[in-house]
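Single chain ahead, by itself, as structure tokens, in the form predicted on its own.
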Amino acid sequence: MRLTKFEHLEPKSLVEACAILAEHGDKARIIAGGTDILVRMKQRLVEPQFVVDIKRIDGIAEIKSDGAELRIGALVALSDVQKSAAVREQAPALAEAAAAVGATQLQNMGTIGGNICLETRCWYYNQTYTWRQGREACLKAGGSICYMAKASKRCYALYSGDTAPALLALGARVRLVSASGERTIGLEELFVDDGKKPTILNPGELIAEVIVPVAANGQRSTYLKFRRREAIDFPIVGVAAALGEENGVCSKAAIAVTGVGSAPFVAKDSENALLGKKVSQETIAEAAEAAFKQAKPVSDMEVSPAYRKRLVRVLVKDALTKVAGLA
């Protein structure tokens, strides 16, 4: 599949990149690692007239730590995230999530900003142009029907990013920039449970930096992923968990899940099942059951919704057992 013609632009600063995006609007698309956007361009899912290459922008390809926060530039490669001693020590779930993305080649090219903004996927959408002409366009492609849930008025395309749940469990924030200024929001605020537009990013706005609080003493985290193959595949379900204990009682609990809906979600009821209690196999089982009840999968990509829902229970239990040291 060949790419359509486009003009390749290389801004040297965030200010210049934001100005270009503001000028060209929907006609422009950002490219960094290219592992997602180039595939979609070849499938004619997007046909930008301008491709804005941000790889050479200074200042957003570094990992910094001041002892209180990790600041990870949006252009940091996933392979560098997983290799970083600071990330492995202070945010192990993120290092594990970065190591779980695709295969080594994709980790070398893909960036943390791009993985957070990974486009939602669907069997009926992520196909060649010729294949899609055989049926009415779906909601994500500008039509009026969602083939995953035909009675629905919204798109149920699936979000499958690996780093987002780890960052959610770690309480991360993102710094967003555009021609009109910048803002910093909690990562949970970024996502919208709608497959057609899964984030609240405004036109021309991009992630510049990810800010992760350094884990308190005694806090542990992990990321577990279930997929068909050990390399390449997106998660059927991915679960991140962070746990802290004081005097044998749970003082911090955070659980986030990906691969289940059109956005990653935080399992609030699971957290409430643990906080203020002694962490045991019994309370872990309660937390896993709460996550099972909260998960509302619709997509039948690769497995049935019922199987995906059961996997949430299993992975939440496994992740909590691991971080609690009860394996």
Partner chain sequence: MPQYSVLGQRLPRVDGPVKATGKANYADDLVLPGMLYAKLKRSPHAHAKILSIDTSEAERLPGVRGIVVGADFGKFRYGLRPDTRDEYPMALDKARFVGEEVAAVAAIDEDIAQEAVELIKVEYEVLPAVTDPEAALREGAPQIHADKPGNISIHMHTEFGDVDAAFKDADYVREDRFYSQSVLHGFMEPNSLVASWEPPNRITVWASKQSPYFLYRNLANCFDVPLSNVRVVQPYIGGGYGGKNGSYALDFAAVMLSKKTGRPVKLTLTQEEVLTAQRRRHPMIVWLKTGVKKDGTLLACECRIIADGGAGTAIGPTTIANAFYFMNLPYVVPNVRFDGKRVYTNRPVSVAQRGNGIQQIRYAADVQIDMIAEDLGIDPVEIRRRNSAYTGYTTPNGMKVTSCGLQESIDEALKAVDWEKEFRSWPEKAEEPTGRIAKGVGIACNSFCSGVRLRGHNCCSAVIKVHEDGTVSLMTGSTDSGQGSETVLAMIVAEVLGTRIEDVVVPQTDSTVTPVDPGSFGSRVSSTAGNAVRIAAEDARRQLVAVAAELLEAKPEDIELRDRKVFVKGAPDKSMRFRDLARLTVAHGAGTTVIGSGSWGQEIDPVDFEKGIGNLAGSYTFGTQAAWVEVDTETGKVNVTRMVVAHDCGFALNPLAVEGQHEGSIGGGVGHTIYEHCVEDDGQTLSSNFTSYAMPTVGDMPEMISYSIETLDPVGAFGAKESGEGTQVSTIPAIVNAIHNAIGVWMTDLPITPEKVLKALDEQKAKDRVLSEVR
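Source: prediction; values computed, not measured. Numbering follows the first chain given and starts at 1.
Absent from the display: the form predicted in complex with the partner chain. The rest refers to it.
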Only one of 197-205, 117-125, 182-190, 253-261 gets a heavy atom within 4.5 Å of the partner chain in the predicted bound form; which is it?
-> 117-125
Are any of the heavy atoms in Ala85 no more than 4.5 Å from a heavy atom of the partner chain in the predicted bound form?
-> no
Does the partner chain come within 4.5 Å of any heavy atom of Arg227 in the predicted bound form?
-> yes
Report whether the minimum heavy atom distance between Asp318 and the partner chain in the predicted bound form is within 4.5 Å.
-> yes
Determine whether any heavy atom of Arg310 comes within 4.5 Å of a heavy atom of the partner chain in the predicted bound form, and answer yes or no.
-> yes
In sequence order, the residues of 127-147 that place a heavy atom within 4.5 Å of the partner chain in the predicted bound form are Gln127, Thr128, Tyr129, Thr130, Trp131, Gln133, Gly134, Arg135
